[in-house]
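Just the one chain here, laid out as structure tokens, in the form predicted on its own.
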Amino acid sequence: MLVGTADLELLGRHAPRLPEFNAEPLVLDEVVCLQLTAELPNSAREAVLPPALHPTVPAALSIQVLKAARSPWGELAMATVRIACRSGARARGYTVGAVVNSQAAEGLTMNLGYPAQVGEVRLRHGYDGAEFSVHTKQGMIAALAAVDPEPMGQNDVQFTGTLNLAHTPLGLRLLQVESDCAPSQVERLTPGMLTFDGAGWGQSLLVPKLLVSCSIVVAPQWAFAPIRFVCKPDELAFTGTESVS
């Protein structure tokens, strides 16, 4: 059975702190979200995941770039990089990095455990396609242009749950972040050349080698549920999952 081999002590040094589990949902309004999936070399399979998680075969990452007209912190633009994995039998995405272009960075960390750094996230969506770029103090760490949008059904795109590693009142834990939206528009896109700097996202082993799929979703609301379950990062989900309520 394949499991992650990343050094938990090292991961813990960079994990954010969650002082308490917030009981309120987080709701974003007028949202556009682009998701790109890409294969990774096998060298980045087990090595980037904590021991509680199972890598996928082939290894893959997803980049999600989300823009919301309204959030509890005003306008929000956020980009996350997640590694495809399983927690027990469930498909998940383990977050290795996140960039937010507003004061929402602290709020997303305190509420949902995102390892958010402040940067500049741009996302454009038009009739001809979409493009995004992500800049931090290190420079541009991701950019993509996608073209030839094709309409899809509202249920044709699904988003897996997210796992964020954070220090919590229970100790170092993987937070199960669940979100939901009712799309008003869904499109499949043809991704062009991807610019991506794995080190800028905190993991130099991330080198996308094949772009698999790209889609964009427009939704009037996007809601993140309060954290209900966490998992010990060194124990499989079947025995290491805990309720926070």
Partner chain sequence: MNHPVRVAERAAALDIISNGRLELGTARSSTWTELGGFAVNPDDTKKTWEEFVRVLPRMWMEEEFEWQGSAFSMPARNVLPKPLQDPHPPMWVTVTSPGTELDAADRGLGCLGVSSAGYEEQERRTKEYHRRIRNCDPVGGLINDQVHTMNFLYCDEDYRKARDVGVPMVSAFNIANSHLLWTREAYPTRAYQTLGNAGAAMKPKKAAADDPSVAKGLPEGVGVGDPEHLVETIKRWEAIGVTGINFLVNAMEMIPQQQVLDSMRLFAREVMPVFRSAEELAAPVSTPSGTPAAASVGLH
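Positions refer to the first chain, counted from 1. All values reported here derive from a predicted model rather than from experimental measurement.
In what follows, reference is made to the form predicted in complex with the partner chain, a form of this protein that is not presented.
A.B. asks: Which one of Glu106, Asp128, Asp156, Glu75 is close to the partner chain in the model of the complex, taking close to mean a heavy atom within 4.5 Å?
C.D. replies: So the residue touching the partner chain in the model of the complex, by this definition, is Asp156.
A.B. asks: Should the three residues Pro55, Arg86 and Ser215 be counted as contacting the partner chain in the model of the complex, with contact defined as a heavy atom within 4.5 Å for each?
C.D. replies: Every residue of the spot touches the partner chain in the model of the complex.
A.B. asks: So in the model of the complex, does Gln203 come within 4.5 Å of the partner chain, heavy atom to heavy atom?
C.D. replies: It does not: once the partner chain is placed as it appears in the model of the complex, Gln203 has no heavy atom within 4.5 Å of it.
A.B. asks: Should Gln138 be counted as a contact of the partner chain in the model of the complex, where contact means heavy atoms within 4.5 Å?
C.D. replies: Close contact is absent here: in the model of the complex, Gln138 is far from the partner chain, nothing within 4.5 Å, heavy atoms only.
A.B. asks: Is Leu170 close enough to the partner chain in the model of the complex to count, meaning some heavy atom within 4.5 Å?
C.D. replies: Close contact is absent here: in the model of the complex, Leu170 is far from the partner chain, nothing within 4.5 Å, heavy atoms only.
A.B. asks: Though only this chain appears here, would Ala91 touch the partner chain in the model of the complex if you measure heavy atom gaps against 4.5 Å?
C.D. replies: Yes, Ala91 is a contact residue.
A.B. asks: Pick the stretch from 64 to 72, 35 to 43, 193 to 201, 174 to 182 whose residues have a heavy atom within 4.5 Å of the partner chain in the model of the complex.
C.D. replies: Going through the listed ranges, the match is 35 to 43.
A.B. asks: Which residues, if any, of 1 to 28 lie within 4.5 Å of the partner chain in the model of the complex when only heavy atoms count?
C.D. replies: Heavy-atom contacts to the partner chain in the model of the complex: Met1, Leu2.
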